[in-house]
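So this first bit is one chain, no partners, the form predicted on its own, shown in structure tokens.
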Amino acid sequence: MARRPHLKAGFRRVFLAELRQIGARPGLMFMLAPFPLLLFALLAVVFQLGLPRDLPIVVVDQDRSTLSRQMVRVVDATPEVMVAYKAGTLADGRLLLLSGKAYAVVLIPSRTERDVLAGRRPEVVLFYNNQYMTPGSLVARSVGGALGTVAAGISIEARVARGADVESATQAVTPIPVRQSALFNPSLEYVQFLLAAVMPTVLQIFIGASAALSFSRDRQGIAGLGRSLRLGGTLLRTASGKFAPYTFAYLLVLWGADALLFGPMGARFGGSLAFHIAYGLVFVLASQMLGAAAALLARDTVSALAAVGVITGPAFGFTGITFPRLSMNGFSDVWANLLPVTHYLELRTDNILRGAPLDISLPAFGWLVVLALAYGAATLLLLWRHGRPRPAAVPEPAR
């Protein structure tokens, strides 16, 4: 039986050897595509509604008048909140708020209607739990808007009753109307706000960890990185052959998540598809280079994975999605600029949501390319350092 000839040293030989290594490790194979996609599916289930609805609140109606019941109906009609409890005293409402059963307490004091009819200005009080910033802000905005509408309606009715026409009464209530236009995410959906940002941030951890495992495994092996360099022939072919299987897998994950986001979930895509593919590719490559460089700097596999976790784990806090980067200190700004996902999310927001011209996105794209080149150069340098043959130790002469 004729033996199959060996492949020449080069990219293909390293690529096939890496595929065999992945196939021999089910855990690593599961981490390449199934686990990130499963995680994205779970996150998609959480954010499928797009907007929080029917957040429970408590109403303490001490007036029990026609006007107070109207206020309660208007507040309950807003889609974001739901009057889930009606308490007799403020102390009962406070207990519901502290127990976590409600996000806010609306207190309508006694004599509210009487004061309104007498031309006085009664005060309706809203207590809300802003420790949970998202639901707290939603409740405050919704309840404030609903009660403001009721107050404006009462003022207009009072002026009309005194003989003014509806138009002049409306102008008197709002002498300088403010027109608000919410741009780029007008419905305030959390699909575009959080889900589209969480997935790449989590994926960066997987990409870096996979690259760290790949290079650390070879480094800790019997033959060391010298075997990989012999298979590849050159530094560049060796590195590209080892990266290629993970690059293909994670690009499919990234684009598969986008297909679900812009398809069944109905998110809007308003930019250039070719540019989106380009900066997605650079993002995956830069994240891989970061993980590989960490593996070649660390002493062992555990230290390499720990380094990747420390660098990429808190990335979401530095991206500027939830807390503005302009308000961060210098350390946070440096950390954010060293993370590939920061610039990827900036490019994604500019391209997909804002539809910004290409020249506006070029600085962020250029910085992402610089990160990929810098981490790639560090990887090649460390790969050469660890893979070069060590000089044989000269035995000391016997004395």
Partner chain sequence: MIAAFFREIVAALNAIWADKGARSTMLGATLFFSVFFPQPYLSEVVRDMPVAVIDQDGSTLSREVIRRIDAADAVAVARYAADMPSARALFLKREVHGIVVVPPKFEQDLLAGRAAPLATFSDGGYFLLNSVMSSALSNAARSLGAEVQVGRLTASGVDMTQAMAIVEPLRVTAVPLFNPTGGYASFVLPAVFVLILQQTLLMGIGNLKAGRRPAGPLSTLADTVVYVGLYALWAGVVLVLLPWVYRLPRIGDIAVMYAVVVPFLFAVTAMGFAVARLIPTREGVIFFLVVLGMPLFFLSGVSWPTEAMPELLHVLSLAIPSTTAVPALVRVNQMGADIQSVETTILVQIGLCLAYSALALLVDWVKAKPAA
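Positions refer to the first chain, counted from 1. Here the structure is a predicted model, which means the values were calculated and not measured.
Form predicted together with the partner chain: not shown, discussed below.
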Ok, Met133, Ala77, Val166, Leu281: which has a heavy atom sitting within 4.5 Å of the partner chain in the model of the complex? Met133
Contact residue in the model of the complex, from Gly263, Gly270, Gly88, Gly100 (heavy atom within 4.5 Å of the partner chain): Gly100
Given 289-297, 234-242, 254-262, 310-318, the stretch touching the partner chain in the model of the complex at heavy atoms within 4.5 Å is 310-318
Just to confirm, Met29 within 4.5 Å of the partner chain in the model of the complex by heavy atoms? no
In the model of the complex, does Phe275 have a heavy atom within 4.5 Å of the partner chain? no
Does Tyr128 reach the partner chain in the model of the complex, with heavy atoms at most 4.5 Å apart? yes
Just to confirm, Gln48 within 4.5 Å of the partner chain in the model of the complex by heavy atoms? yes
Each of Val59, Arg64 and Ala161 near the partner chain in the model of the complex, meaning some heavy atom within 4.5 Å? no
Heavy atom contacts to the partner chain in the model of the complex at 4.5 Å, residues of 328-354 in sequence order: Met328, Asn329, Phe331, Ser332, Trp335, Glu346, Thr349, Asp350, Leu353, Arg354
